[in-house]
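Just one chain follows, in the form predicted alone, and it is written as structure tokens.
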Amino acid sequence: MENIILQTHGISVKYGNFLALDNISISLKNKHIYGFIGENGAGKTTLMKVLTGLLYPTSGTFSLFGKLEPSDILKMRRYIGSTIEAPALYSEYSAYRNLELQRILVGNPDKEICDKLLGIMGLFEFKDKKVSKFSMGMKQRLGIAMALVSKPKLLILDEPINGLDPKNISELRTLLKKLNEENDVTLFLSSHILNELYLLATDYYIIHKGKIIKSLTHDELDKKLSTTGQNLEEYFISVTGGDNNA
């Protein structure tokens, strides 16, 4: 059990008569990389908001780093880094100022981390540029840097490669793998690009209409593809019953 850093028990979210999440129970193990797959509106972002404290579930509970009490979970969230939907950035501040404010907010005493992260994300030469002048891809990279300021043990990224070109996607993949392997960071990632998740993930959860309908490891997925002769998209379509806008 000590290997499980996050576990949900019957998480549901209801908006009026609409059930956005339906009895979600998942477990995230330390140092694994989870690909979170589902069509638009399946509930991916909603679950990520619940896990990061941006949304309260209608019912259900979860534990975080072995803690069950809400007050303890609140404290443990300092070890989570995240970008949900779009990065939360101050557009009239520079990239460096955004990171510095985040560093102060999370209480990280390392005053050099902002420059380090800007360098890692390929943004150092733009450190003094206003975020309002950034491209979508640059904002995405800065948002990921913001998520890393707290040196998280769990990194939750909602569509992290949106707006990135192939070179940036490859560099981000290398960075995420390095964080996972060298810093023991567990990753929970959603993406519309199934092939990119395939190159990263050790495990997968597939969500459909608010329900987890499949969980499998990378090796199990390989066996499924080999047995059926399907590619990734074809397998996803077969599992979800025909929806193909993952």
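What you see is a predicted model, and the numbers here were worked out from it, not measured in a lab. Numbering starts at 1 and follows the sequence shown.
This protein has a second form, the form predicted together with ligand ATP, left out of what is shown; the following refers to that one.
Here is the short version: of Lys29, Lys67, His192, His218, the single residue with a heavy atom within 4.5 Å of ligand ATP in the model of the complex is His192. Proximity of Ser59 to ligand ATP in the model of the complex falls outside the 4.5 Å heavy atom cutoff. Contact check for Asp203: no non-hydrogen atom falls within 4.5 Å of ligand ATP in the model of the complex.
For the chain shown alone, Gly41 is a contact residue for ligand ATP in the model of the complex, at least one non-hydrogen atom being within 4.5 angstroms. Contact between Ser63 and ligand ATP in the model of the complex is not found at the 4.5 Å heavy atom cutoff. The partner is not shown here, but in the model of the complex the stretch 4-19 reaches within 4.5 angstroms of ligand ATP through a heavy atom at Tyr15, Phe18.
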